[in-house]
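First come two forms of one protein chain, each written alone as structure tokens, so that there is a structure 1 and a structure 2.
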Structure 1
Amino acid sequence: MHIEENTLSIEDRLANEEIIELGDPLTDEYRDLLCGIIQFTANSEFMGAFTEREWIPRAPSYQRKLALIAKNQDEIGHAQMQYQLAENLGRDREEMLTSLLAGNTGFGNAFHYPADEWIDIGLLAWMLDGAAMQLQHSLMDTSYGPYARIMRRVCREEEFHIRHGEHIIREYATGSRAKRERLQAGVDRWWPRAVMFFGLSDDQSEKSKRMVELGIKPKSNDELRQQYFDTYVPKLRKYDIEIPDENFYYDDAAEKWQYTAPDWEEFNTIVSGNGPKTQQRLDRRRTAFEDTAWVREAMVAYNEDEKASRFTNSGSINTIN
């Protein structure tokens, strides 16, 4: 029975609602699309921490600093788990990192922008992680089992990050007039980026459509975007925050939110590595990578020494040969 299942094509297996597991035969297309989205979510976790790290020293209170360090530690852990997942599918870790640094693989659009104010850190955690969460949550049902299981853990921890973000938002929303103004100005900056995060509309994105067909992405870009509006519009209203889009409303007849079409030209410019902060952040990370090359070389030498000494210590292998 089990053997027969494995001879089915991926499409047939998906039609049977089967979960794909590590070691199952994969088509090149499935593997490439799967590794593509895994690298995207892994890169985004990592570059997210990279964006927020600037604020660890400057976090405006002790508890906020502690929460921000904890959050960043989680994000690095999430990135690590996901890179490992791609490694198990045949990708090389160092290559994935160098391809991120060279700008050949993308990461979330939010992390190409500056975070000059503390409220930006609050909004990144609440509104932008909240957008990413729609995707991550949907990926708990992806057709690739190991990815789905990692996403369950990721989502559990992301809940805390969003709560940390919401604490900051609440502090500003119920604070002084100056704080309320900074909050609204922050939402004005970040709202269009959150709307764009989900990517092109489904009718414009062949790749996204194919990923949905293969069950890699259980929900389409537009579905996730609408779901995000469902969740966040009431939250924004609760905090008396205006949605900075005069064409935004719920269309009862169409049963969906209508909104101003995002500036996809800006989106493409940003995610192709030309955001206001993209190169500066990648440069900093490249420098760090070069500065610590000697540490990785020492690790390799140490592991080789260890292997060699294990070999000599178990000397009998030599005599048998």
Structure 2
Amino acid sequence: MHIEENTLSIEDRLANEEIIELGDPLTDEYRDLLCGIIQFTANSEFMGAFTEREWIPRAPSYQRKLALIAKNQDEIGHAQMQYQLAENLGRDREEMLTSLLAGNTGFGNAFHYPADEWIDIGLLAWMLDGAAMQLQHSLMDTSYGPYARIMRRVCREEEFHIRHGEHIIREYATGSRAKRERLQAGVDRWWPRAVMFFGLSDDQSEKSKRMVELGIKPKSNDELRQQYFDTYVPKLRKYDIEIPDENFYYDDAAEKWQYTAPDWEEFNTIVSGNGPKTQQRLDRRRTAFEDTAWVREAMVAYNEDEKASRFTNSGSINTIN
């Protein structure tokens, strides 16, 4: 394994409970795995914002509209911070975005599905952002310091998103019979997607296992899934929502939740870019990306002019001196 001028291996540094910082020597493996998860979480924030953006003009009240606008603004900001973090590790911003839009890199499974009703927006914010929060909160203890510090800010803002979603859920749970039925139907749709959100089971994902070993992910996929159940089962029961899994129960002997295994064939189909809304959403993002190319080109030209101007002025001063 190639190591850049390092005196200790990554494993040794982690065994010493050291935090890896920007500029520290990294192995190729550590850098690639770290950039991979950063790019995935950035892509998910980016595509999640655009999934919900479609509902801003259709939000049922002015207050809901403002909340959704604020949430979308946060999500784009989270993506921006994480893309910049990957840039600092050597990834190119333009290449990361073009790779996403070409379908070559993935994003969260939830954002491949349609959100046809307002309750879907509430459940995305409550159940799926809640699932994302399990991962994001754990990443506050990642072995890469800059990523951990970004996640502290992200988690503070995600708490608002989850409260926004729960406020919608509470309205439905305490509303008319029709609203309660729509809520249960929505949970029936989104529960399996939330269970899938954390990725393949630990025995199916060598990449996730290696990230845990390197401290990039402090918790495994299955640990995060169990943590999600611990958090959300009481919440669902509080609102008299039935968990749509007849095999779901807490196993006292094993000290963990038992549940129906997700449809991993569906999961692999979805994350491979074949979800019901995947291509439509990517098409819209590609169009927007192409339409704003002139802005990026103008910024590059401006920066080049600024550099040339500073060089010329510096040269003039040196000549005078």
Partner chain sequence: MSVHCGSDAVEQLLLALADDEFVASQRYAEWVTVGPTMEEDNVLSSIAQDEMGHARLWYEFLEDDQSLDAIGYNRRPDERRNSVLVETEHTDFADTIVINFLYDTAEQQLLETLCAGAHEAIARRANTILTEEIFHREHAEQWLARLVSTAEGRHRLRNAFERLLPRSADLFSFEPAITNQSAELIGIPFDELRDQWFKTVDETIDSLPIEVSDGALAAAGSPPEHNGRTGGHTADLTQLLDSIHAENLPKDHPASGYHA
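In this text, the rigid core denotes the largest set of C-alpha atoms whose superposition between the two forms falls within 1.5 Å. Each residue is numbered by where it sits in the sequence of structure 1, with counting from 1. Bear in mind that the values here come from a model prediction, so they are computed numbers and not experimental data.
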With each form of the chain shown alone, which structure should be assigned as the form predicted in complex with the partner chain?
-> 1
C-alpha of residue 62 moved at least 2 Å between structures 1 and 2 on rigid core | no
Rigid core fitted, then: does residue 261 show a CA shift of 2 angstroms or greater between structures 1 and 2?
-> no
Flag for residue 296, CA shift 2 Å or larger between structures 1 and 2 after aligning core | yes
Keeping the rigid core fixed, work out how far the Cα of residue 305 travels between structures 1 and 2, to one decimal in Å.
-> 3.9
